[in-house]
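Just one chain follows, in the form predicted on its own, and it is written as structure tokens.
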Amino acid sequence: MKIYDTKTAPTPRRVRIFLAEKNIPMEYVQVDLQKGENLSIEMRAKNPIGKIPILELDDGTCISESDAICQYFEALQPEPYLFGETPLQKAQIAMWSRQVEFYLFMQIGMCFQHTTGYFKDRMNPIKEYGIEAGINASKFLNVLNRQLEKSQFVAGDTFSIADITTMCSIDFGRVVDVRMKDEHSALQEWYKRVSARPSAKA
């Protein structure tokens, strides 16, 4: 099997970190997003919406969406549990993962797409929308800081997919100046811990 990947993009990075945490080796095929290689006929045959990453199994079956790819490997190799082990852990991790996706990761993504013009050849950037998305993302950092004042990790006492998504979001946020502030002391302490994990370099 192999994964079509873009080393500089935040979404495929989530999968690389996830697999590194599980110590699952993988072949990665690099796809140039800026050149639009993900939009080729060949790549759209693997994922009709032309997004990366894509997991291609040995029989040619393709799975897209980073969360779906991670869920697949969690089912194949549950430990270490990154989507939770108990019903409560599973629910809490799902809850925080969804909130981080909607209110941080996607907002930073919209800020990037609509304020930088990086994909202006294939979309109509609306700068005001991008600015507002960046403001929304910055506000959510306050929510995360309050959570991490009382919790070791984003979704509880164990490292999970929610931490992976949050770390990737924060790193990506620097590109559009969405950054942790001095008052985010709990978030900054958490960030130092998770970014020191070997998997963070994946």
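Since this is a predicted model, take the numbers as computed values, not measurements. Counting begins at 1, following the sequence as shown.
One more form of this protein exists, namely the form predicted in complex with a further copy of the same chain; it is left out here, but the text below deals with it.
_Heavy atom within 4.5 Å of a further copy of the same chain in the model of the complex - the one residue of F172, F153, F140, Y28 that qualifies_ = Contact with a further copy of the same chain in the model of the complex is made by F140 alone.
*Spell out, yes or no, whether the shortest heavy atom distance between I49 and a further copy of the same chain in the model of the complex is within 4.5 Å.*
Within the cut-off, so yes.
*Using heavy atoms and a 4.5 Å limit, would one call L57 a contact residue for a further copy of the same chain in the model of the complex?*
Yes, L57 sits close enough to a further copy of the same chain in the model of the complex that at least one of its heavy atoms falls within 4.5 Å.
*asked:* Test of understanding: in the model of the complex, would I63 fall inside 4.5 Å of a further copy of the same chain by heavy atoms?
replied: I63 belongs to the contact set for a further copy of the same chain.
_Since only the chain is shown here, I'm wondering whether F112 would be in contact with a further copy of the same chain in the model of the complex (any heavy atom pair within 4.5 Å)._
No, F112 stays farther than 4.5 Å from a further copy of the same chain in the model of the complex.
*Do all of Y72, A91 and E132 end up near a further copy of the same chain in the model of the complex, with near meaning a heavy atom within 4.5 Å?*
Every residue of the spot touches a further copy of the same chain in the model of the complex.
_Just to make sure I understand: among 79-109, which residues lie within 4.5 Å of a further copy of the same chain in the model of the complex, judging by heavy atoms?_
Read in sequence order, the residues that approach a further copy of the same chain (within 4.5 Å, in the model of the complex) are P87, L88, K90, A91, Q92, A94, M95, R98, Q99, E101, F102, Y103, M106.
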